[in-house]
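Just one chain follows, in the form predicted alone, and it is written as structure tokens.
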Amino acid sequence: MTTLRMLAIGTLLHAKHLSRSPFEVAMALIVPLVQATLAVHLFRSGDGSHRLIEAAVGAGLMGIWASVLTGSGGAIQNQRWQGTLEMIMLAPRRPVTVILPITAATAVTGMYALLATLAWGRIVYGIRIELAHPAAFLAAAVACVLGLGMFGLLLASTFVLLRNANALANPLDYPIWLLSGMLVPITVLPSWTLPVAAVLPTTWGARALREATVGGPVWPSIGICLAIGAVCLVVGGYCLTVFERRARVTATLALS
């Protein structure tokens, strides 16, 4: 219970911290709406109104993923710039319990993107927000936050070891949302991409939200999303321990 309480308080604290960042606020306010506008115009030529709400949901997922990708590593870099990363790594807790609230906070703040794109589609384009499974949609959104937060931990672990890990993380933005089927079905992609998509929690989170929107078996997708996220949590925790020890040996925790 103490660990859960620490994770909850840490997530709330870092979410408040992110809300004070002009860059994070600007990214959260503007980028999802631009993506939603482009997606709706692309999908307007479709053969059903459900395609428009799928576009709004997909654009929201893209916003959550962008928030996790940039925010998780960016939070670690900020700790390094502020000279507090060493204290975080020396805290009397396992590194995973200290870093996980940071990555979870980025996913929580990214939920704004999903709400904003749905509201934008309704207000500007008159899209009717009709969900096939409203309760399951809420559960799928929570599963996306948890799954992407744990996936973000795995990505953030590289920033502990590498000072310029953003050079590796930034190019993952568009390939991941494309492979995950956030806007286009993965069935239209080359067959060799399917095994890669199958091991991404973003794929199953996007599928769960889509099935909750237009109808389908939501709960298996939610379960798989959380299961892959749990694997990312275990692997990310192990990588954090190994990278922390390596960073101490090479003296790369500090900025200089």
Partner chain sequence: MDSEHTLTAPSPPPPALSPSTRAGSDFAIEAEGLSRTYRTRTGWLRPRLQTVDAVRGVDLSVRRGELFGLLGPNGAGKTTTIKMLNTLLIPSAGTARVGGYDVVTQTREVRRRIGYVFGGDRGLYDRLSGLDNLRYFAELYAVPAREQKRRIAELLELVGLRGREGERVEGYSRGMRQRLHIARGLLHRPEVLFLDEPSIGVDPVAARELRRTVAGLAANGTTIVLTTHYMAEADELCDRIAVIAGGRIQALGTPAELRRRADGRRVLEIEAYGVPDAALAALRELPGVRETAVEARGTQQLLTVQSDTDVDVQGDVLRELSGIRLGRVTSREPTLEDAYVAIVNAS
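For the two forms, the rigid core is made up of the largest set of C-alpha atoms that agree within 1.5 Å on superposition. Numbering follows the first chain given and starts at 1. Keep in mind that what you see is a predicted model, and the values were worked out from it rather than measured.
Although it is not shown, the form predicted in complex with its partner chain is what the next lines describe.
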query	finding
is_contact(Ala91, its partner chain) in the predicted complex, heavy atom dist at most 4.5 Å	yes
Distance check, Leu13 to its partner chain in the predicted complex, heavy atom within 4.5 Å	yes
In the predicted complex, Leu138 touching its partner chain (heavy atom, 4.5 Å)	no
Any non-hydrogen atom of His133 within 4.5 angstroms of its partner chain in the predicted complex	no
Heavy atom contact within 4.5 Å of its partner chain in the predicted complex, the stretch among 146-154, 82-90, 107-115, 121-129	82-90
Sequence-ordered list of residues in 219-251 near its partner chain in the predicted complex, where near means a heavy atom within 4.5 Å	Glu244, Arg245, Arg248, Val249, Thr250, Ala251
Met89 C-alpha moves between the shown form and the other one by 2 Å or more, core aligned	yes
